[in-house]
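Only one chain is given next, in C-alpha cells, and it is the form predicted alone.
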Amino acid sequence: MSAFLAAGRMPGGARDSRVAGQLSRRRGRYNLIAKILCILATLVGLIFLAAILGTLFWLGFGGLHLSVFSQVTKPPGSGGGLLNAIIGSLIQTVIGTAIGTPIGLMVGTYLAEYAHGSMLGNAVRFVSDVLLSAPSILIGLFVYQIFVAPFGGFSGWAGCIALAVIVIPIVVRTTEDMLQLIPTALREAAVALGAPKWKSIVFICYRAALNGIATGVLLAIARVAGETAPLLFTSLGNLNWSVDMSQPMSSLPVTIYQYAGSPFDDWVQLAWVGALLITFGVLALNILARLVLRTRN
C-alpha cells in the first residue's frame, strides 16, 4: 500500500520539481539580464563622468597658474585671475550653508520625530518637496523681490539667503530619511534609562544618523557651489575686489557664466579654470568629509 502511494505521488512530485526548476532558470535569466543592464548603466554613467572630468582637466589645467589665485578679474587681454570670484564664492557658500543647515536639520527632525501623521507635518513636507524640485531661478527671483528690490541694490547677503533657501529642503529631506531609519529600539532604550526625548534625539539619533546627515549637507554644498541663476538676481557679481556683504559680490559661477560666452580667449580660458576649481573643490571636500567621518567611526 505504501509503495502504491509513493508511486502515485512520484508523478506529481516530479512535475513540481520540473516546474520549480523552470522557475529557477527563468529567474536566473531575468537576474542575469537585470545585472547586465545595471552594469551597462553604471558604465555609461562612468563614461560620461570621465568625459566631463577629462574635458575640464584638459581645457582648464593649462590655464591654472599662480595668478589665478593672486589676482582679481581684469579686462580682456590684461591677464588677471579669479581671486575675487573664489573668495566671493567661498563666503557666500559658507554663510548660505551655515544659515540653511541648522534650519533644515531642525525641520527634518520635527518631521521625523514629532509630526507623524499630523496635518502641519504633511504641509511642511509638501512645501519642502516643492522647494526641493523648484528651479533655482525662481528662488533667485523670490529673494530679489524680498531682499534686493526693497533695499535698492544687489548684495552678498541676498546671495547668501538665496543659497540658504536652496540648502534647506535638501537637508530637510536627508535628515528626515536618515532619522526614520534609526531603529525604534534605540529610542526606547534611551527612554527606559530616563533620558528625555530631546536627549535621545541629540545624543543617540543624531550620532547614529551622522553619516547620512553629513552626506545631505555635502550634497547641498555641491549644488549651491555651482548655482548661477540665483546669484544673478541677488549678489549679481563684481569684477573688482570686494568683501563688503552689503554690495554686489563676485562668485565663480557668475564669472564662469560671463566669461564662457565672451569672444576673448583669455576669458574663456579662465572660465574653464573656474569650472575646474569648482569641480575639484567639491570633490576634495567630499573626500575630506568621508575621511573624517570614517576616522570618527
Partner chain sequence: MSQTAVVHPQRRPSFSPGDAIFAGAVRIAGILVLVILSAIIISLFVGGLPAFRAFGAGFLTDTDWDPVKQIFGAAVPIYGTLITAVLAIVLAVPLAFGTAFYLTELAPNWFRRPIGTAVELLAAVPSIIYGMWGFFVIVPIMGNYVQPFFIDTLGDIPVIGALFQGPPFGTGILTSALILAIMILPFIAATMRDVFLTVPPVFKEAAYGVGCTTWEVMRSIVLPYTRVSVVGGIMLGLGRALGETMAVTFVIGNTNRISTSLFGPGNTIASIVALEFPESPAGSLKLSSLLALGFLLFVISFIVLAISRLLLRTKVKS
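Numbering follows the first chain given and starts at 1. C-alpha atoms forming the largest set that superposes within 1.5 Å between two forms make up the rigid core. Note that the structure is a prediction, hence the values are computed from the model and not measured.
The same protein also exists as the form predicted together with its partner chain; that form is not shown, yet it is the one meant from here on.
Contact annotation: R125 falls within 4.5 Å of its partner chain in the predicted bound form, judged by heavy atom distances. Using a 4.5 angstroms threshold between heavy atoms, S133 counts as touching its partner chain in the predicted bound form. Its partner chain is not shown here, and in the predicted bound form it never comes within 4.5 Å of any heavy atom of A98.
Looking at H65, you'd find every heavy atom of it more than 4.5 angstroms from its partner chain in the predicted bound form.
You can rule out all but one of 220 to 228, 69 to 77, 180 to 188, 82 to 90: in the predicted bound form, only 220 to 228 has residues with a heavy atom within 4.5 Å of its partner chain. Residues of 188 to 210 lying near its partner chain in the predicted bound form, listed in sequence order, are G194, P196, K197, W198, I201, V202, Y206, the criterion being any heavy atom within 4.5 Å. Taking the rigid core as fixed, one finds a CA shift for L53 of 2 Å or more between the shown form and the other one. Taking 2 Å as the criterion, W241 does not count as shifted between the shown form and the other one: its C-alpha moves by less than this amount when the rigid core is aligned.
In the predicted bound form, the separation between the C-alpha atoms of R290 and P169 shrinks by 3 Å or more relative to the displayed form.
Inter-residue distance, A289 to L131 (Cα): reduced by at least 3 Å in the predicted bound form versus the depicted form.
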